[in-house]
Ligand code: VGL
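Quick heads-up: it's one chain on its own, the form predicted alone, in structure tokens.
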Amino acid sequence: MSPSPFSDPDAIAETGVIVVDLQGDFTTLKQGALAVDGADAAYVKEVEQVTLRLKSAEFTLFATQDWHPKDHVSFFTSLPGKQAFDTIEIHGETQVLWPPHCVQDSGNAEILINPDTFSSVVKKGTDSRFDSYSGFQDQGNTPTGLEQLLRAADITRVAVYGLATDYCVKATAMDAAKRGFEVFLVEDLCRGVAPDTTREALEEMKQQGIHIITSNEI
């Protein structure tokens, strides 16, 4: 077996860990509005344990947090006559209409790992006009500040995991790669919305040069 690419102190210093949207509304543990299959108590515990291990190893940790106003454009309830999972065209892109989720200051918007674990928690989707799958910017191209935080910490590569593989994890990983970071997707610490879109997301990430790894490789 070849040595881990994270095994030396220099590698640790230049690697940021991004935990994507580990929030109640995306888990079956909390019976969330958009619960992802397999995002149960065992999954959340595993993510927490690995994240704490990485913190102990002195990786720099970041979290993203969906943080929507009540009238967010992605909520079907914001558009009379629409149902959950309908699609519309907005800003020139297809928008899935979701059940209300991760509403600001609601219990199920909270991150399920102690926020003090992270150097920074980056909120996204805060503008009611734009969705924000990526942890780097919303669909109106407004940055979240995550890139600036990574640059300020002299990070050149990132390990990404969380919820969901085929939506916010993919978007965050792809945007990191576009910005020149070397990206490692930690597959066993992710869960996807659907098997087919998850497979497609993993293939798309591989094609963009993103490394698909498991947590025991960090």
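Don't overthink the numbering: it's just position in the shown sequence, from 1. In this text the structure is predicted, and so the values were computed from the model without any measurement.
The same protein also exists as the form predicted in complex with the named molecule; that form is not shown, yet it is the one meant from here on.
The closest heavy atom approach of L163 to the named molecule in the predicted complex falls within 4.5 Å. Contact between Y167 and the named molecule in the predicted complex is found at the 4.5 Å heavy atom cutoff. Not displayed here, the named molecule is kept clear of F136 by more than 4.5 Å at the level of heavy atoms in the predicted complex. Residue contact check for M174: none of its heavy atoms lie within 4.5 Å of the named molecule in the predicted complex. Contact with the named molecule in the predicted complex, judged as any non-hydrogen atom within 4.5 angstroms, is confined among 49 to 57, 63 to 71, 151 to 159, 178 to 186 to 63 to 71. Of all the residues from 32 to 52, the single one having a non-hydrogen atom no more than 4.5 Å from the named molecule in the predicted complex is L34.
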